Ligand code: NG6
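The data below hold one chain only, encoded as structure tokens and taken in the form predicted alone.
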Amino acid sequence: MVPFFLRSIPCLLAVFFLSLDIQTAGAQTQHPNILVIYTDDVGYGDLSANGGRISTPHIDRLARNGLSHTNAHATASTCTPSRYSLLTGEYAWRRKGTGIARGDASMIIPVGRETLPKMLHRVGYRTGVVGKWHLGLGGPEGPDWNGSVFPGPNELGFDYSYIMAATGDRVPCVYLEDGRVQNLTKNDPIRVDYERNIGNEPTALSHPQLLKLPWTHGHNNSIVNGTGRIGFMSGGHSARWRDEDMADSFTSHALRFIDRAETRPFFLYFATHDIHVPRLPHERFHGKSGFGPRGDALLELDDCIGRILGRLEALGRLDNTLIVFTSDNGPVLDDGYVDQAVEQLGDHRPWGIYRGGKYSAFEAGTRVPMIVQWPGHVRRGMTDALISQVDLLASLASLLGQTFDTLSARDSEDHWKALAGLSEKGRQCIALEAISGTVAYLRSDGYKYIPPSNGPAITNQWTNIETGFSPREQLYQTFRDPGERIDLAARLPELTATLRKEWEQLRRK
């Protein structure tokens, strides 16, 4: 007869290995791959999943398989402050010098402070950023384009970076990989100046006949790839990009990063440039949307996302990848070039049912699409919980059981349950920064306070976006009046005073 303790060994071994499986599954649950797709100027109504007239099937696939947030906000209606807040967990308006950055700006995030990639790096993630940076590079003297561009993303917690310094309409028009300008030759050094022309480079003012994309306002400096830019650049001819290849270049480097992250979970901050100006999508998308170059660029964006989803699926990593898709601010049509964005808009409404757009204090400036997908962990469907991108740092830290510097990332709150659809309770209130430093205040009950401002009511005659600026206080109920047409400040003076006080308390925090 076999002794009892020997007969028990198979059962004990089975329990032991089952325990290992559970621990492994738990580890995978706590350490999913994380992909943040941060798009540029994509409005809430741009997605066909949100009623847009331009088909975005790959983004719609995310919406079908994930959770669509209908009340999610960028922290600002312009790019640099939104990116600052997402990566640092701090409202950008708390820090000077976080407005729209020039292409030669020094890095605006201090090297020693907490960031989202630093927090994830401590957990064991391989971290990467691919795409638009627009947070400055180099020290106080500015970046050295012909040497090592230090500090940069790699000093803020990213193991790998392949970026453009600012935006496609700003010089220098080159890519940097881990702090080095790519394809630069020593005998053709780069010079950048934002005050005066340098060298003998043609400009959009002096040589308009060289332009393939005319400008309407603000883009009449150095010509690169037949397009006038903001700022002046000379040299670096072998390193200059062709705008039409930009989306493919970013996507190929994103795929390469994913392919190389085999033994560790990865965090990829994929900051696309579509559909920011200049809108010069690859030739294979020309005329495909029926809504002009802006619509074609939206198709290109969707295609890039489809390629990344396809690679994750082929590698068997899609189910254990937490994907957050969102935008840095609301939409804009004419943002400086003659690309028929207004004339070919048709019945497409990039802002959806909301008022304003990029630069604005109204809802379309910051209410942006947000989709969260992680099969088995994030609920499918829709939620109207109030969400701010500034909370991504604290929420992911909570998911992973990781601490972070709450003094540095002082505005980031843990709302993982709301992000995942496990709770309908999001933020109690958020601050929303418009251009020129005006900051609105929105509560979870839908009431929104816009403080007095001396700024213009309309951005300019070309962009033609309502800013929401007024010398008087404004109060709106965004649930019942999403278009912010009925100003309640005079009718509800006590409530207006309450929100003003709450906003002041948040500002002094």
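Source: prediction; values computed, not measured. Numbers for residues come from their place in the sequence shown, where the first is 1.
Omitted from view is the form predicted in complex with the ligand, to which the following refers.
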Inset, instruction - Name the stretch: of 136 to 144, 178 to 186, 290 to 298, 322 to 330, exactly one has residues whose heavy atoms fall within 4.5 Å of the ligand in the model of the complex. - result: 322 to 330
Inset, instruction - State yes or no: in the model of the complex, is some non-hydrogen atom of D335 no more than 4.5 angstroms from a non-hydrogen atom of the ligand? - result: yes
Inset, instruction - Please run the contact check for D169 against the ligand in the model of the complex: heavy atoms, 4.5 angstroms, yes or no? - result: yes
Inset, instruction - May I ask you to check whether L399 falls inside a 4.5 Å heavy atom distance of the ligand in the model of the complex? - result: no
Inset, instruction - May I ask you to check whether H348 falls inside a 4.5 Å heavy atom distance of the ligand in the model of the complex? - result: no
Inset, instruction - Could you work out which of R242, R122, K425, H217 is the residue within 4.5 angstroms of the ligand in the model of the complex, going by heavy atoms? - result: H217
Inset, instruction - Work out which of I230, L255, A204, A385 lies within 4.5 Å of the ligand in the model of the complex, going by heavy atoms. - result: I230
Legend entry - Contacts with the ligand in the model of the complex, stretch 94 to 132 (heavy atom within 4.5 Å): I100, K132
